[in-house]
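Shown below, as structure tokens, is a lone chain in the form predicted alone; questions about how it binds or moves come after it.
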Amino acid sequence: MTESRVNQGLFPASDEVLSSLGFRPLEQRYYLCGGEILPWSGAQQSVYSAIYRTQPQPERIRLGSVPQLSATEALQVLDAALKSWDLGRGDWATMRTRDRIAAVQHFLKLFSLQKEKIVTLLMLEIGKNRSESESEFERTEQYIADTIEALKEIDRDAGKIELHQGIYAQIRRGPLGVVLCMAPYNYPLNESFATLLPAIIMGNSVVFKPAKHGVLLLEPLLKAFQEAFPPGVINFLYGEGKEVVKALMESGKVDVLAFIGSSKTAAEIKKIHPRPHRLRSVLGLDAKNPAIVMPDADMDIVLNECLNGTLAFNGQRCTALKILFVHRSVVDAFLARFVRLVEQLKAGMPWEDGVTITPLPEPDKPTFLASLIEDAQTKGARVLNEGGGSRHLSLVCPTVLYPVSPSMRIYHEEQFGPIVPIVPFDDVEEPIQYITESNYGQQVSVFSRDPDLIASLIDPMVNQLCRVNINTKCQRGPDVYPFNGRKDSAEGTLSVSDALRVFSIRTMVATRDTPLNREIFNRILEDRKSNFLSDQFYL
């Protein structure tokens, strides 16, 4: 691919840019385990920015390092979680809901104090622009607050004693055990908390492995986790996944795998566990979300939603629009305007105002994207926008490919980058067939003004996908709505309330309706002898 279109002067000459942002390299020689921030004198894993410095020669800016733990430390971290869980008898697992909520509320206060540090690290580590980095932090704050309120509501609903067919019962939700949480690099803060927080607040003990890219940004929170939660409730694991995750899963002592990443990696991790029927999985996986643009669609809406849907954060979102099906009767008009909008997007460093296209954190991603573009070109697709596909170091110019056909890799493979493949179609059955035959089943966006047409598309697509967006881009939020997928796209459902359920199980205490049993129930409730069997709830 050519490098002519990308301005090579966009990258800083030296790493002095770090000090201008108030950041100094962070050598993290410690990790949180069993309620202690333990010192580490072993090997360190260097952390590099998505951003290069160009002098004296181009190199990724080094941001610091984290411990490179081994299988030995992985099992130590696991033991800390197991000790906290204590076969379901641990203090956290048996604690009243209101007390767990109080701990999370305290954590939220400490979390909010770290905004500027974490936003800076989001920009530097993964190249996310300032506005999106701030949005990710604020969305995570709101997610924590909303989770607290959702648990209060669940707890209030469970505060009653039921009587059916002569049996009294109270049904509440109980924790599952030890949870391994693994985060993705594209939303290393928000997606981490989407599994980590509900797992913790429901009474589980957690081993958390941060993403490879986006690992240092969690360092400012270690003391907050230590202060807010009892020992062993949350433990951090660093190191190569092939070694440390393998050790955890081989032990057979992990009860829940919460993983957001590729379906291939998830399958490899799951098959290591020797007791597959014991292991529960909460997975957010691949997606190839299409848009379907019908002839009568409002083109202003289509252009805005498709531009943001395909290229926000360089297309590095599982919910991004990964392929556009545009009706042949309007495709030329769409392309003329869409290409102009793409060419107007500003490329630069994430802290600069108005920047949309920023450096990519994965070192091999530019080469991978180049291979997809080259494959499409050799099979008849053209790059329509000026400089499309050009790159310099870790910055890749957006690429509009047309016409894309089933013979091309980009038609099937998830690009997870700034490539926009566009497919012309004559019959709406063509995109429907694409969705039906796809290995993925997350979302679709349909653009039309015709209620009858939209209704005719909704019914077949809701049985292939988990969200149909009408004249709107694909997205996860609002977080109160379920986020899941069919086929290879997900396992389990995440939302504020769904996540609380997926990291817990309905458990009940029951007794036959007799004078003795009523007396026992009443004594336990009146004297507050049990944290589980209780008629109190948190307002």
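When you see a residue number, it is the position in the sequence shown, counting from 1. Nothing here was measured: the structure is a model prediction, and the numbers come from that model.
Beyond what is shown, the protein has a form predicted together with a small molecule; the following relates to that form.
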item: Option touching the small molecule, based on a heavy atom within 4.5 Å in the predicted bound form, out of 117, 139, 365, 280; value: 139
item: The small molecule: the contacting residue among 318, 293, 218, 422 in the predicted bound form [heavy atom, 4.5 Å]; value: 318
item: Within 4.5 Å of the small molecule in the predicted bound form, all of 186, 191 and 483 (non-hydrogen atom); value: yes
item: Listed range touching the small molecule, judged in the predicted bound form by heavy atoms within 4.5 Å, from 196-204, 310-318, 431-439, 226-234; value: 310-318
item: Contact flag, residue 58 vs the small molecule in the predicted bound form, heavy atom cut 4.5 Å; value: no
item: is_contact(residue 53, the small molecule) in the predicted bound form, heavy atom dist at most 4.5 Å; value: no
item: Touches the small molecule in the predicted bound form: residue 476 (any heavy atom, 4.5 Å); value: yes
